[in-house]
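The chain that follows stands alone, in the form predicted alone, written as structure tokens.
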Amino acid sequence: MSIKTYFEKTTSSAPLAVFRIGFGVMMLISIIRFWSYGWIEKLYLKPQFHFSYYGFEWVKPIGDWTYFIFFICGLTAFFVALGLKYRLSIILFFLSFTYIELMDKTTYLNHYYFISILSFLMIFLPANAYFSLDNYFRQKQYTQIPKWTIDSIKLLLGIVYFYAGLAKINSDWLFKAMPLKIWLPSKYDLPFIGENLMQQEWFHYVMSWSGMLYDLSIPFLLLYKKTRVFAFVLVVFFHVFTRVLFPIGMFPYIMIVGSLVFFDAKVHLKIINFIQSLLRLFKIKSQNIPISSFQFPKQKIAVAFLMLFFVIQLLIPFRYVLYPGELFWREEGYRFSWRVMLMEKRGYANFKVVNPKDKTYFYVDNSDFLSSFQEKQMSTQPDFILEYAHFLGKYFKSQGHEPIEIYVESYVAINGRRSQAYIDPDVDLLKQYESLQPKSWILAFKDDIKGF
């Protein structure tokens, strides 16, 4: 089949409609959950300093107005689920959610990044073509849409899983069962599995290897019709099990709901019929809306743009090859690469403020400026350490301490190894600046982690 023929193929719009509803509902629940736990105040309002992403230093919490950003994010997620003013809603959701994600690098999680790029992708998809309030107001619905629109979601999900599997092909994960050996003892109190299985060393290796095999194979098992139901059962089991073991929020449920997109239209039509039966309980009746022929506006431009989008998604995880040294140690190119829960790092960072003229110095109490969560993240990541040093430089200069130099005594332990010196203690961090260049002041890792 030629590329032109493929992009002319159509398919039922029901899977995309169900995906839109599931995505909107999951995001709305996520925002409500985040707000109700008091995390907006704890993570974004109380700290006096926030770690920024390179190039996005201007994205900061805006005081009490930060709540309004979360409100917009939750409201637009609800509108996306309803299919109400869909294009505007998904754009506003993408912008508000991404702004939230960029406000503080401390809160970075792979699944936050996944939601940002997925919502960006959805801007270009006709997810309101069927079973939406937009259908009702325009008195048109489309039962057929271009096949590539649904396949693009499958491709993105496949990239997330497959790259997560590739990342697990490393010597610590497969041959040392690290960091699972560190994390699982805290779950020994779980009924049955905690008492009888998790305390067995072989079980740690079974979890490591099965996690790698699951991530590498699940996209293909979901694509193949004969193994799809079995694969979905695996998806449910895997994500429920990991949710029991680890505090990873809504991500397991998002992936379970998202995996439904691989099923045929018959399954999604049954889901839509079920939703309609629930609506009838509230005396909300669906109307017969005329069916129209869907015409994708400027499809060639959208397809070209999304092809570029996917090329970028395929390349970004491999940018680490441009940097020297051990990736897990230096973390240059680590984020945005679907390396999920692969390492346990613990660190210590003691900052020394020096007046070179008077040859006097004093040490910084990090708790005066950072929350315990921020300090934990900062102590093991070089870009955090550098940004914090510059913040301290500005702060103490404003207090009249000049001239000034800032050094750090830093030690990090990774995946159960002994602590090693991390940052060159003789380098004045105020003379170093964040860039895409390798950081020469990170000390060498005295070990080797083989893998992707």
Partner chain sequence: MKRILITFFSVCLLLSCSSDDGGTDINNNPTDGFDRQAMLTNWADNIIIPVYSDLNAKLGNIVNAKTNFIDHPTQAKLDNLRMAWQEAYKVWQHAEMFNVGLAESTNYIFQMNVYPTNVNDIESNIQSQNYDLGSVNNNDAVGFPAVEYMLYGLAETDSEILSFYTSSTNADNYKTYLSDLADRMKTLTQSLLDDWNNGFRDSFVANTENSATGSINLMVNDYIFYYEKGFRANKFGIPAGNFSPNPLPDRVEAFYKTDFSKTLALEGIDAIQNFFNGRAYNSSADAEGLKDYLDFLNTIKEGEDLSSLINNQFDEARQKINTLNESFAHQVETSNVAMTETFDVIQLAVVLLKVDMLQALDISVDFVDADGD
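This is a predicted model, so every value here is computed, not measured. Positions refer to the first chain, counted from 1.
A second form of this protein, the form predicted in complex with its partner chain, is not displayed here; the remarks below concern that form.
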How about Ile115: is it within 4.5 Å of its partner chain in the model of the complex, going by heavy atoms?
no
May I ask you to state whether Ile100 is within 4.5 Å of its partner chain in the model of the complex, using heavy atom distances?
no
Contact between Lys376 and its partner chain in the model of the complex at 4.5 Å, heavy atoms?
yes
Tyr142, heavy atom within 4.5 angstroms of its partner chain in the model of the complex
no
For the three residues Pro191, Ile248 and Asp365, verify that every one has a non-hydrogen atom within 4.5 Å of its partner chain in the model of the complex; reply yes or no.
yes
Partner contact check in the model of the complex: of 31-39, 54-62, 387-395, 423-431, the stretch with a heavy atom within 4.5 Å of its partner chain is 31-39
Residue within 4.5 Å of its partner chain in the model of the complex by heavy atom, from Met307, Ile169, Val229, Ile91, is Val229
Would you kindly say which of Phe137, Tyr224, Phe203, Tyr348 lies with a heavy atom within 4.5 Å of its partner chain in the model of the complex?
Tyr348
Which of the residues spanning 390-428 lie within 4.5 Å of its partner chain in the model of the complex, based on heavy atoms?
His401, Tyr411, Val412, Ala413, Ile414, Asn415, Gly416, Arg417, Arg418, Ser419
